[in-house]
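The form predicted on its own is given below as one chain in structure tokens.
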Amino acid sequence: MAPASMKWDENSLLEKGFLRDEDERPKVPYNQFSNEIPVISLEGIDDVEGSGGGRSRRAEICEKIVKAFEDWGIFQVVDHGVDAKLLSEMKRLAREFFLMPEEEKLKFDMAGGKKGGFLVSSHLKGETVQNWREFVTYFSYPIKARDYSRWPNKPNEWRSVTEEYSEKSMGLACKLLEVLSEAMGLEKEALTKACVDMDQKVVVNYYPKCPQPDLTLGLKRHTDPGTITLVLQDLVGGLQATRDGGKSWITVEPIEGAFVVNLGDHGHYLSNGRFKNADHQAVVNSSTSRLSIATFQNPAPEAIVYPLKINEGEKSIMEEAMTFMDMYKKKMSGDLELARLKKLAKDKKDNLEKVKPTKNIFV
């Protein structure tokens, strides 16, 4: 029997833990797009020589990328060199997977601690509110660690297409990290070397249409823990970003063939806070489903997390160095503690509202 949360209807929304507290509910519609997030063309990024003694095309592009990471930690890239046909095939296969019967998707169920496969919602253990989404995930790098038994085998072309997609997205992510390394005055491989043996997790998200999208989220507000994330989204819209702690939000306008680039916590720490870790969420809508494909390029669990360079007069934003695994555990436990404290505060408020002052009838 399929999980109740896969019914994606009014009853599931109200009864199965999808309702967000008022302060977490969407403030901006999924299709109210903003042009605040930079769109950067990578055409000519390998051209290191300028014409007539002027600045090179690479220098101009790198300046835009660095500014985007400093201002938002999120931007879009076009003319990135990844074949448009490959991107189209990835989206086609992903949509076909989620349109399969529930029993077929559940053959890849990753519940019970399995590493990779299909899952519904994926909220932290201990959280009471679920995310309005289904997703399938698998680990693509390091290649030697691939477990194809946890990769879907339907649709038929899934493995061959996603292998190529993983390779191309990994190459693009490393190229962008080179830019940040150079901006920090380091050798261009510095950030990738800091990852030791870079891990890549692919997450294919499906956000079903929702009867009351103003009450829930497809994916709650968060920053990615890893180094750098690339997101390929369809043209529906729903990815939102904030840079003022959630007071205001903007919806990233979908662009055909573009990748959304997010910097994660690891990249933020390595830059000693110079480059922002993108604060973002996903909203849903009542008209249509939405699809996105994210590749998370992360450091190896044993990689040491600490600023690679601390400029004169600056202090490290980290108290001490730690492994990425320890950093990740600390982040998750912190998120859970915040959720616990928020629930306690909400329960206390609800209890106080239930206790009404008794009118003195003996006056």
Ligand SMILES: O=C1C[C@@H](c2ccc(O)c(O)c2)Oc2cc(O)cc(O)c21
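Counting begins at 1, following the sequence as shown. Keep in mind that this is a model prediction, so the values were computed, not measured.
What comes next is about the form predicted together with the named molecule, which does not appear here.
S.K.: Taking heavy atoms only, is Asp47 within 4.5 angstroms of the named molecule in the model of the complex?
M.R.: Because no heavy atom of Asp47 falls inside 4.5 Å of the named molecule in the model of the complex, the answer is no.
S.K.: Does Glu127 reach the named molecule in the model of the complex, with heavy atoms at most 4.5 Å apart?
M.R.: Answer yes; at least one heavy atom of Glu127 falls within 4.5 Å of the named molecule in the model of the complex.
S.K.: In the model of the complex, does Glu60 come within 4.5 Å of the named molecule, counting heavy atoms only?
M.R.: No, no contact at 4.5 Å.
S.K.: May I ask you to state whether Lys329 is within 4.5 Å of the named molecule in the model of the complex, using heavy atom distances?
M.R.: So Lys329 does not count as contacting the named molecule.
S.K.: Counting only non-hydrogen atoms and a 4.5 Å threshold, tell me whether Lys220, Pro225 and Asp335 all contact the named molecule in the model of the complex.
M.R.: Per the other structure, all of Lys220, Pro225 and Asp335 touch the named molecule.
S.K.: Just one of Lys105, His266, His80, Arg133 has a heavy atom within 4.5 Å of the named molecule in the model of the complex. Which one?
M.R.: Looking at the other structure, the residue within range turns out to be Arg133.
S.K.: I need to confirm a contact call. Of Lys175, Lys201, Lys168, Lys91, which residue comes within 4.5 Å of the named molecule in the model of the complex, counting heavy atoms only?
M.R.: If I apply the 4.5 Å criterion carefully, the residue I get is Lys201.
S.K.: Counting any heavy atom within 4.5 Å as contact, can you tell me which stretch out of 309-317, 293-301, 29-37, 60-68 lines the named molecule in the model of the complex?
M.R.: Heavy atoms within 4.5 Å of the named molecule in the model of the complex occur in 293-301.
S.K.: Need the contact residues for 168-185: heavy atom within 4.5 Å of the named molecule in the model of the complex, sequence order, or none if there are none.
M.R.: Contacting residues: none.
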